[in-house]
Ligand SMILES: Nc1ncnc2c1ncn2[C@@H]1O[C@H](COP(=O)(O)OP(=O)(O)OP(=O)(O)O)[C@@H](O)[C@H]1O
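One chain comes next, on its own, written out as structure tokens in the form predicted on its own.
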């Protein structure tokens, strides 16, 4: 997508930042024109988030300059940035869970037209604004804490657009969104582009960059690694090489699905239901296979993992290795592991060290008599998994909350690897993770499954499902609309069924059995 203006809107030059003895950014520069969508990419820990936090006043650079419309500006806090028209949608959702959707949406915007607004009218207006910007229907009377991760992201996007930005920064905006929501977001960004808004778009989903921008700034190890212009003959392979310094292959799309050696289910789900979300699902996962589940927002995919692990109240039965699971404690005790979609809220102890996070599921391995933890054993266990998953920094004493989002996700996975779990429920496991780290996570999943583990992979990343799943279930309005495997699994077919555009989902929602598509279909 070519920019509509060559006017230089924003220029960051020579930005350098250190935290203690660790230098995070070194002489980084970035330029953005009016009406341009600029891609900003790099591995987790490359410095992208730090650069954006400097631009939006959350951090202060040690040196360097920021120009807006060619004039130097000083940004010492988020209020300074917003006063200049610089707004950001952070990767981590900074929202107040006890506010209603309407209250969160308009908090501090000053766009209500008076001191007093009736709650009913406020909620009506909020729902209308959300629908206009995102195309989605969300009840504005709900508390923010009641929303799914994807719905919370839609609220952030709407709020940013209502702020009428001059510069809009989006950090992994599509990570929790399904394909339909992504296309709606892209339409919104194109409309902002047409009126001259400059947009910095950060994403690990590199294929999106082909759709939404033609110029990309690449960071590696806190420095500028290069610029790529997709409209001038450069390719996404060039982007990946600049990011990681080597060629990366995530998965083999032509691979043959695995054939489990036993019909005894490691995870068996019968009649799994949640009111207004899931309608009595039946499926099983065998040792030695990856069963994937996908669907659009509202299909029930958001609640599936919490329901089957016992976090959310549900009806039906869940069995792990033949034993019935009544709650989370049962699930873990029988060899289950759960990597949740919201890692910061549900998956990691942000104020504890990396070593403490990793070892928490394997206390029997690191304790001596009387249950006293042996630091040497804890550090040895943690360091083995830090090295295995390439967690950065490779330091067990680092505070987990200080790591980038992708490295936090590696720590969450490492925690369950430490427990030797053999039935893994992975909910959006590569959300917000860079291409190199995703390849490492896929390799780890394949290693576990080849060793006999059973994996239930819940994901809205259709490319991911095609590349790693042995079988795929598609949810539609709380039902299993189809089961696909082998060559029948394509991103186009998954999206068609998930959205109901081919009629398959509508028919299967009324049927007892889902559509089954064999490998030779």
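Not measured: the values here are computed from a predicted model. Positions refer to the first chain, counted from 1.
In what follows, reference is made to the form predicted together with the ligand, a form of this protein that is not presented.
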With a 4.5 Å heavy atom cut-off to the ligand in the predicted complex, the contacting stretch among 61 to 69, 451 to 459, 474 to 482, 37 to 45 is 37 to 45
Can you check whether residue 299 is within 4.5 Å of the ligand in the predicted complex, heavy atom basis?
-> no
Test of understanding: in the predicted complex, would residue 402 fall inside 4.5 Å of the ligand by heavy atoms?
yes
Heavy atoms within 4.5 Å of the ligand in the predicted complex: does residue 145 have any? no
Checklist entry - Applying a 4.5 Å heavy atom distance criterion, does residue 24 contact the ligand in the predicted complex? => result yes
In this chain shown alone, the residue from 151, 158, 407, 430 with a heavy atom within 4.5 Å of the ligand in the predicted complex is 407
